[in-house]
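Here you get one chain, nothing else, as structure tokens; it is the form predicted alone.
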């Protein structure tokens, strides 16, 4: 099971209703953040999410609204006696930016912080899943990320029983891709195994509409997309290197994703009653299974 919790869904400046960008993902023992805007650790506390269990943080780009909460979170981890390593990833110059950032003020840490600069073509392989970065267009080095659960492999017990393998440890060898001999018969993995793709979640970060997002979002269970502006501000969105909710929906449709979440909402739509609805209406004209993110909104993928 994968849990996604939206900790911040506004753009640029926090508002009373929306914090700065951050998405929390829970998978098995892993706790992952995609971006860490100002106020993220307080959002974690409000939602009663154990920030000390966060294992990895993926920064989409080094604009302050996407990383300014990082220093406070790391310092709190130190004050609370963290011992486990923390892994931080990001685009070009992430190592240099983080070194400068963490050096602000008098601060030390007794736990390991592993920082890695990523680019398209890299893969962060972890237990049960991988995270793949891809390039987006935002005027500075910026990345989107694909969280992809490993393929699920299970035995068809009716087929296994036909070979007399219903309780045999040889099923484990078959799952490892090896042939086995049982009761004088050779059994191949494809004789009894069923395979299904793992869940796929895409986070765009801040970006213009590009064909590369379509490519990396293909068949995703969930696309979390920059949707800063409404359709009537498409020219402005392009100039500021962001997307409209309509453009996000176009990507979702082309990529054949299952669900679209609109986030990074400009405060211009939050300052008038019902103003945000135009974003969702624009998207739904093209892609029906779209929702507008709210702070603390939860999505569960089984």
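Note that the structure is a prediction, hence the values are computed from the model and not measured. Residue numbers count along the first chain shown, from 1.
Another form, the form predicted together with a further copy of the same chain, is not on view; read the next lines as being about it.
Contact with a further copy of the same chain in the predicted complex, defined as a heavy atom within 4.5 Å, holds for exactly one of 198, 164, 72, 189, namely 72. The single contact residue among 241, 259, 42, 26, judged by any heavy atom lying within 4.5 Å of a further copy of the same chain in the predicted complex, is 42. Remark: of stretches 224-232, 170-178, 133-141, 109-117, the one touching a further copy of the same chain in the predicted complex is 133-141 (heavy atom within 4.5 Å). For the chain shown alone, residue 283 is not a contact residue for a further copy of the same chain in the predicted complex, no non-hydrogen atom being within 4.5 angstroms. Among residues of the shown chain, residue 38 is one whose heavy atoms approach a further copy of the same chain to within 4.5 Å in the predicted complex.
In the predicted complex, at least one heavy atom of residue 65 sits within 4.5 Å of a further copy of the same chain. a further copy of the same chain in the predicted complex is approached by residue 267, whose closest heavy atom lies within 4.5 angstroms of it. Of all the residues from 101-129, those having a non-hydrogen atom no more than 4.5 Å from a further copy of the same chain in the predicted complex are 101, 103, 104, 105, 106, 107.
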